[in-house]
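Okay, so here's just one chain, in structure tokens, the form predicted alone.
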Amino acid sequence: MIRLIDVDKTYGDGVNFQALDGICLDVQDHEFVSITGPSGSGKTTLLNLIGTLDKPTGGQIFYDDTDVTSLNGNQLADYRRNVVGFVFQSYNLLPQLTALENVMYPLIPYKKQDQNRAHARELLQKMGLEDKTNQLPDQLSGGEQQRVAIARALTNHPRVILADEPTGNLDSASGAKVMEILLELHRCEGITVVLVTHDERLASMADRTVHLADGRIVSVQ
């Protein structure tokens, strides 16, 4: 489903820093892949490129037969909205909106309000948060906020979930619940998941683990 061909990413003007160097990677449809490695190895940069949040300095990234590196801004935004859901370490919930409104937010320009609300309630129920719909983010625990973030990521029925250290700010019990949800989405709904994590135990739950060091893939297990 996803193919990276000789992908490079360089930052800086003058004195350059090469964050990724010649990455070649295939992610199959319905696969769960974890990406791990030390801090500064390029994990988040790689995830951002896979998610089309950033463009590579060199190389190509394909989703099926679509070269996403060739799409312009509006085309890329539309493609990303319809294919990819993001889950971040910091939740990125809007503090002034309730849990329900946060889940509805990506849908506002595209569907009728009553459809938005029903769909958002269904997703929160799936996350075990049906009694938290009217709570603001600061009234929720970290684990609950992350489950709201996962529900929001699912609003447009993505084929791919990209999760960047989704358990990094959570205690072990909340982190285990979040990982359980990601595994269930993968196993029961066939969603492709790419997970960045420092936790080797979580990484080992994936179908494959990609190990990075100094911007290069050093092993795939």
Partner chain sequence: MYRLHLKIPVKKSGKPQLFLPLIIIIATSSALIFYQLSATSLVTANKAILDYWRTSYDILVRPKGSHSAIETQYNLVEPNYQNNIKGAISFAQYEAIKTIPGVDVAAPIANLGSFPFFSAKSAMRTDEQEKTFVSVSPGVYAIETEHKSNEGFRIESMIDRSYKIVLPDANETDFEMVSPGVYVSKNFSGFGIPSNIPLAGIDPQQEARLFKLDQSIIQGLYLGKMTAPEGKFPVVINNYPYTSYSITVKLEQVDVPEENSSPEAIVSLGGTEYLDKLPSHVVDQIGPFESIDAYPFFIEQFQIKSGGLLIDNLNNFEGFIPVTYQLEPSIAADPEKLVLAVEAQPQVKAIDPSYKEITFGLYAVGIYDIARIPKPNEINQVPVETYFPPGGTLLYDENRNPVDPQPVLPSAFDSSWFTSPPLMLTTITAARTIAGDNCISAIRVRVAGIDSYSNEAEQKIESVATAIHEQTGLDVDIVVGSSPRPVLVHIPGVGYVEEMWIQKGVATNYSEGLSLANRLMLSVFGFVSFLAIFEYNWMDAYNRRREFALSKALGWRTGSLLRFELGKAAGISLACALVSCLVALAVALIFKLAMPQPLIFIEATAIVLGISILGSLAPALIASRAAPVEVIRDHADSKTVRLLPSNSILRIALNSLVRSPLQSLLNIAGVALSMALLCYLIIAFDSQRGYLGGTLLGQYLVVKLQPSHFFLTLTGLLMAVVAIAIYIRNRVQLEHHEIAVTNAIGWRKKEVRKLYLWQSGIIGLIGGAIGVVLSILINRALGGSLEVSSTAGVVVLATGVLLPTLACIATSFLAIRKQIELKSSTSSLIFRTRRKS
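Positions refer to the first chain, counted from 1. Quick caveat: nothing in here was measured; it's all calculated off a predicted structure.
If you look for the form predicted in complex with the partner chain, you will not find it shown, but the lines that follow are about it.
Discussion item. Just checking whether residue 80 would be counted as a contact of the partner chain in the predicted bound form - the rule being heavy atoms within 4.5 angstroms.
Written reply: Result yes; residue 80 sits at the interface with the partner chain in the predicted bound form.
Item to complete: Decide whether residue 143 counts as a contact residue for the partner chain in the predicted bound form under a heavy atom distance cut-off of 4.5 Å.
Response: Heavy-atom contact with the partner chain at 4.5 Å: absent for residue 143.
Worksheet item: So, in the predicted bound form, is residue 95 in contact with the partner chain at a 4.5 angstroms heavy atom limit?
Response: Heavy-atom contact with the partner chain at 4.5 Å: present for residue 95.
Fill in: Exercise: residue 47 in contact with the partner chain in the predicted bound form, heavy atom 4.5 Å
Judged by the heavy-atom cut-off of 4.5 Å, residue 47 is in contact with the partner chain in the predicted bound form.
Worksheet item: Quick one: which of 63 to 71, 179 to 187, 25 to 33, 39 to 47 gets within 4.5 Å of the partner chain in the predicted bound form, going by heavy atoms?
Response: Within 4.5 Å of the partner lies stretch 39 to 47.
Practice prompt. Within 4.5 Å of the partner chain in the predicted bound form, which residues of 135 to 153 have a heavy atom? Give them in sequence order, or say none.
Written response: Counting only heavy atoms within 4.5 Å of the partner chain in the predicted bound form, the contacting residues of 135 to 153 are 136, 137, 138, 145, 152.
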